[in-house]
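Next comes just one chain, in structure tokens: the form predicted alone.
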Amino acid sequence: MLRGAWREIRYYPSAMLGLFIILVFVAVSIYTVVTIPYSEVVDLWRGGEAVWGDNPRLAAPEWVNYFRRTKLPKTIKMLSTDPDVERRQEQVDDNLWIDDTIYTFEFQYDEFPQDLAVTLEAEFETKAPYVSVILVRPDGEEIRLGDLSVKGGRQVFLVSQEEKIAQRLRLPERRDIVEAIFAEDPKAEEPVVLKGTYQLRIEATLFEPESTITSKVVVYGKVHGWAGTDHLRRDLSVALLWGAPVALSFGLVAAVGTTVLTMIIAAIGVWFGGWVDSIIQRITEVNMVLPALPILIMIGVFWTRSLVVMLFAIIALSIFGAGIKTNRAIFLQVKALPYIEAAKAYGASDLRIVFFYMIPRIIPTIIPSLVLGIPSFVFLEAALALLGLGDPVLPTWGKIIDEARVNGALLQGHYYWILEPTFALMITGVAFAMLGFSLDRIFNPRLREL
């Protein structure tokens, strides 16, 4: 019956489309788990500036530029060790060396970058190198961004925090410094981006023969990657990719565990009858009136928010549900069939009859409900995360939505932050629904007439 049903699926386009989407999610899940192991993704997602410092903050995905008339800038990152970066090193005195680094980059976007950062790392014994940072604009104008001593071996220079630049340029009050240095007219009321080739000169003066200095320049854009970034500069693609295996495994384990255990409990109750069936029915009736979500919230608040604990709690709260009543009605019909009487007559044990004669009989009928039950558990996990009860270390689709909501993504216009995980959840639910409804029509021939 199962083989025939699977052959019949190809006649249902919705089932084939749903199956294709599910297989894509499975492939993405396998790829994600292999390329970004669990320990690595936890460290990535909990990392700070050291991990995500080169990403722009709250940057939209790069594909939004295809739908915009004005193009948002991408992030430009350059290292002093890159082959296309020019360096000039010479000794000008007994205890004086010059080490200049010249970064050249094209800026052809319609909007201004978020910021410009220069990271300097120096090695020295007693006297720290002295550095001047100069920006040469496409129109030839030179703007001295800053002069500093690289004390402590590392310095990060952010243009947006340098008020001295505004004083040098005599900018109007509250004028954005980054916009000013990239504008055609820094003092204009509505500044326009000056497009063209920029040069950033890092002029370092060294005072010791063994002293060295390296640098990194990041021009933060307003779009990044295919998924964008959040308020902590984290690349949302990591959470979106890892959300797939978490959602599918959570939904599959919960649906299979609930369906199989419910079926076994119902079969045992029907076969043994008497006080066994009575106890099962009373437990089911009590459990059906218990509010599952408040219980899960209590577990998350007073005990733990571990995804594994929540999974087992959901299964425990679901096995004695309405499925017990439905399966019991089916098993009562199966119990009365002649082949069950024949198995009992030739001496088959009770457990053999339950597991080898009764349960296999109804497996085809529960497959559609199992498939349709997967997205409901996926949405339940997302709902728990949205309530702040998700796993504290693992990124999931629900957790992305929760962090976006808490940080005012909709109010600030960062719609991608919420829409991307929401779209993933929606597609997952639609895929399993299309497959499940088609399987229901295959395994329940009466529905074909509807």
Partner chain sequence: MTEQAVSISVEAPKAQGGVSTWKRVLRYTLVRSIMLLVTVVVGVYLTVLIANMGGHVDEIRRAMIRESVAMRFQNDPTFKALPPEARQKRIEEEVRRLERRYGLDKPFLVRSFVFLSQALSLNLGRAENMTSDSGSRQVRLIILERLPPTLFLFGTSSLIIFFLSLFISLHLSRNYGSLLDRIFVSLSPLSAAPGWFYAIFLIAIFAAWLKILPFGGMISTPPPETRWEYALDVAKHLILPIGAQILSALFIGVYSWRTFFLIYSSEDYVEMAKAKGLPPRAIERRYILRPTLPTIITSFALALISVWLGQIIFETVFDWPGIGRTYYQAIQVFDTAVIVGITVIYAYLLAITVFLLDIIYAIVDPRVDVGGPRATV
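Positions refer to the first chain, counted from 1. Everything quoted here is computed from the prediction, not taken from an experiment.
Omitted from view is the form predicted together with its partner chain, to which the following refers.
Practice task
Indicate whether the candidate residues Pro113, Phe157 and Ile177 are all in contact with its partner chain in the predicted bound form, with contact defined as any heavy atom within 4.5 Å.
Solution key: Checked in the predicted bound form: no contact with its partner chain for any of the three.
Exercise for the section: Go through Val334, Leu135, Ile299, Val253 and name the one with a heavy atom inside 4.5 Å of its partner chain in the predicted bound form. Expected result: Checked against the cut-off, the match is Ile299.
Problem - Option touching its partner chain, based on a heavy atom within 4.5 Å in the predicted bound form, out of Val51, Ile418, Leu58, Val42 - result: Answer to the contact question: Ile418.
Practice task
Within 4.5 Å of its partner chain in the predicted bound form, counting heavy atoms only, one of 398 to 406, 42 to 50, 62 to 70, 25 to 33 shows up; tell me which.
Solution key: Of the options given, it is 398 to 406.
Exercise for the section: Using a 4.5 Å heavy atom cut-off, state whether Leu394 contacts its partner chain in the predicted bound form. Expected result: Output for Leu394 is no: heavy atoms all beyond 4.5 Å of its partner chain.
Handout entry: its partner chain contact at Gly273 in the predicted bound form, heavy atom, 4.5 Å
Key = Contact check for Gly273: no, nothing within 4.5 Å of its partner chain in the predicted bound form.
Problem - Close approach of Ile442 to its partner chain in the predicted bound form, 4.5 Å, heavy atom - result: Ile442: no contact with its partner chain in the predicted bound form.
Exercise for the section: Check whether Tyr38 has any heavy atom within 4.5 Å of a heavy atom of its partner chain in the predicted bound form, and answer yes or no. Expected result: No - in the predicted bound form, heavy atoms of Tyr38 and its partner chain never come within 4.5 Å of each other.
Handout entry: Sequence-ordered residues of 415 to 435 touching its partner chain in the predicted bound form, heavy atom within 4.5 Å
Key = The stretch touches the partner through Tyr415, Ile418, Leu419, Thr422, Phe423, Leu425, Met426, Gly429, Val430, Ala433, Met434.
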